[in-house]
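So this first bit is one chain, no partners, the form predicted on its own, shown in structure tokens.
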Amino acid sequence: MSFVTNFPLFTIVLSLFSGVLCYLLKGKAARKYTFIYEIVLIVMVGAVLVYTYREGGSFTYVMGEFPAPWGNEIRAGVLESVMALLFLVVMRCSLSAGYRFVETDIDESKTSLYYSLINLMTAALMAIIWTNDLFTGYVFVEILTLTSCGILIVRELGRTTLAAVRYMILNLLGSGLFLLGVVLLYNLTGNLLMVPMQQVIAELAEDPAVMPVLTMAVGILTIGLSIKSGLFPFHYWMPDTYGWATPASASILSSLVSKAYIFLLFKIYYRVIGIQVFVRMPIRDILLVLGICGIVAGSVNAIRANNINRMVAFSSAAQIGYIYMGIGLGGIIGYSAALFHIMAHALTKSQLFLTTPRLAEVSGDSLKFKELQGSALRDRDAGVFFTLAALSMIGIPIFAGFASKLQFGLAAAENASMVKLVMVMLALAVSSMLNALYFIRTVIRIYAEDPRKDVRAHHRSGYNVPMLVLTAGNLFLGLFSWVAVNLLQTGLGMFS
């Protein structure tokens, strides 16, 4: 095998090492080191993507050479490489565009701790993407939970502490249910490695008496990760969590952390349970219904929000609903639509959370809508980037949001019954109208003249370049969606 096959493991080990190192460095040194090493990770994952695509297959890295059921494995294919590359690019852009707010929101003595937590979070994200066994998945789910709470509470505001405590309580509940589901599956199969588990489950599923037990185990596991990712009705922790975090943290939590839990759940359905067994369970239909409910409820709550960050946070809940709706639709088109929306949402939502604080900065540091009038005229860069992301969320053609909704429509037309087709199409139509209502309203307000204020933006280097990268990614997915979809479907073909 090529030396490139070691890179997935290197992304995890290097991130863990960097977490310890950054805690020992001073704040600015930790920031510079993190920015450089994130680029190194992007290059390594890019090399893995090229390698797996050219080879037309995946590879497995066995750690310690221990046989099943005690082994720990990581696996890399096209799908894992695409997700890892997306996560690292969004992480790097979020840190670059939001670092000035890290300096102002977080005490200087805590800056090195913040970047240490970011690096440990990167290790957890990479491990969840690459893992090929449930034990490693659970360990890094817990690390991801702790680091997520850490980057919230390090801001040291009363509201961030309260948000972090609420987030921790709900996430620990989700982790407990996830662990319980893993234990039940281990008791049934005697394995923790994904492929041996799938082989045993395929045999067990032939016995009709075993299916209820399997369904219960998968259902408990699904509830746990649904809580952690914010599926309706478990989404009410989002506004405080995202709204009171420093912008870089809000971008990372919304765009990456919640998506990592969904990707792990997707891996479990595909590689542990097996799609042929999963489609026999009622879980898929339940996810479809909850996803549609989340789309509508998130959009309605976004309309009712009284400040821009809460609006964007509730919008995130709606977008999580889209992803679960795609899983509920099933089929290669439904699953690829869900994965495509993970990509589209990660690029768009990070852009929104990185622009709202700049609009507030030139509006008396207020996020309330009535104070934001004219803010896009005072900070033109932030206004343009917010508007572009808003157009994508609404579903305007040429943007990723439109391509994503088109994929869901195609998936429903191919795989769904008439009742489900009507439900999905109505959900897409209603959510698009609601998205247009609150995003267009916001865009009109931020561009409306306001003679009372004349506060100009403090232009700093390091903001526009990462925002342009996110915008370019958004436009690429919108204009060349077929490239991304073909890549995702190629990865799904290797995923079984």
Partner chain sequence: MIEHLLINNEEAAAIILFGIGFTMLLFQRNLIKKLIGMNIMDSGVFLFLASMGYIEGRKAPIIVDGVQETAAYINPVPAGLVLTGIVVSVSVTAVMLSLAVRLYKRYHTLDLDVIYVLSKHQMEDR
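Residue numbers count along the first chain shown, from 1. Model, not experiment: these values are computed from the prediction.
FYI, the form predicted in complex with the partner chain isn't displayed, but the following is about it.
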Contact assignment for the partner chain in the predicted complex, among Ile286, Ile396, Leu172, Ile106, heavy atom within 4.5 Å: Leu172
Sole residue of Leu204, Met423, Ile153, Val296 within 4.5 Å of the partner chain in the predicted complex, by heavy atom: Ile153
Options 257 to 265, 138 to 146, 406 to 414, 380 to 388; stretch whose heavy atom lies within 4.5 Å of the partner chain in the predicted complex: 138 to 146
Residue contact check: Leu179 to the partner chain in the predicted complex, 4.5 Å heavy atom: yes
The partner chain contact in the predicted complex: Gln276, any heavy atom under 4.5 Å: no
Any non-hydrogen atom of Trp244 within 4.5 angstroms of the partner chain in the predicted complex: yes
The partner chain contact at Leu192 in the predicted complex, heavy atom, 4.5 Å: yes
Members of 343 to 369 lying within 4.5 angstroms of the partner chain, judged by heavy atom, in the predicted complex: Asp365, Ser366, Leu367, Lys368
